[in-house]
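We begin with a single chain expressed as structure tokens, specifically the form predicted on its own.
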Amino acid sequence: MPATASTPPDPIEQFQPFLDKVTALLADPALKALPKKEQCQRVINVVRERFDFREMSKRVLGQQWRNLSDQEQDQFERLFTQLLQYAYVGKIDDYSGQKVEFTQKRIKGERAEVQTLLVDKDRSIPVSYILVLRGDQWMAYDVVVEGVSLVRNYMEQFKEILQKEEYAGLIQQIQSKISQFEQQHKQS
């Protein structure tokens, strides 16, 4: 049955080909032969297809987001995406052919959760993707691994920094962390 205005598209139908594309890229030996920075860039380009980094940035900053100018919001989104790129996508070498099994979905209005298991030889790791409907596309804005939310984790870290050092201090710390990652990648 075709989706109508009142029936959102199936989030698993949209997310499964995306995750297949990501795992195929991660498994590609040609990717691992590239310099680390280029590996990260290629993966993040694919990840952008189904991740809403603006929504993620907004949720990580909470109330602080509304106090920022458009330029500051753009800057934060760009820096936060870059931080995630290095922090998570930089672990490309950790991928060793794990399979993704889709276990469940929940849809409530324009929000959905797709639950998966990342299956390895000897264990399964629960990974949930929290999605928002943008037009007719489900876009992820949070990833929950073994019960730990990426957004909540960063929100708590950033809230502490914002209280002590305000927004300029947070930006400075993110830029410093990105520089550290870039130095590590040059060495590897």
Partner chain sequence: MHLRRLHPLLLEISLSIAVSLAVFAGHAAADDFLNDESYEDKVSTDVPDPIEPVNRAVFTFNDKVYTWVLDPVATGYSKVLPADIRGCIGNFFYNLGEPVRSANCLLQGRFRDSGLALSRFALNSICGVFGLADTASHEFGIAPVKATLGETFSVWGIGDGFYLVAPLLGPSTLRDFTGSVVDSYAMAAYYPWGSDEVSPVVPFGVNTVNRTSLHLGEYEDLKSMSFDPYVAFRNGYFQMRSKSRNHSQPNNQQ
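Just so it is clear, the structure is predicted and the values come from calculations on it, not from any experiment. Numbering follows the first chain given and starts at 1.
Below, we refer to the form predicted in complex with its partner chain, which is not included among the displayed structures.
Only one of L31, V151, I44, L68 lies close to its partner chain in the model of the complex, with a heavy atom inside 4.5 Å, and it is V151. Candidate site formed by R59, R106 and E146: every one of these residues places a non-hydrogen atom within 4.5 angstroms of its partner chain in the model of the complex. Although the partner is absent here, R134 lies well away from its partner chain in the model of the complex, with no heavy atom inside 4.5 Å. Mapping the unseen interface onto this chain, F51 falls outside it, with no heavy atom inside 4.5 Å of its partner chain in the model of the complex. When its partner chain is considered in the model of the complex, Y88 lines it closely, a heavy atom lying within 4.5 Å. In the model of the complex, no heavy atom of E38 sits within 4.5 Å of its partner chain. If you take 150-167 and check each residue for a heavy atom within 4.5 Å of its partner chain in the model of the complex, you get V151, R152, N153, Y154, M155, E156, Q157, F158, K159, E160, I161, in sequence order.
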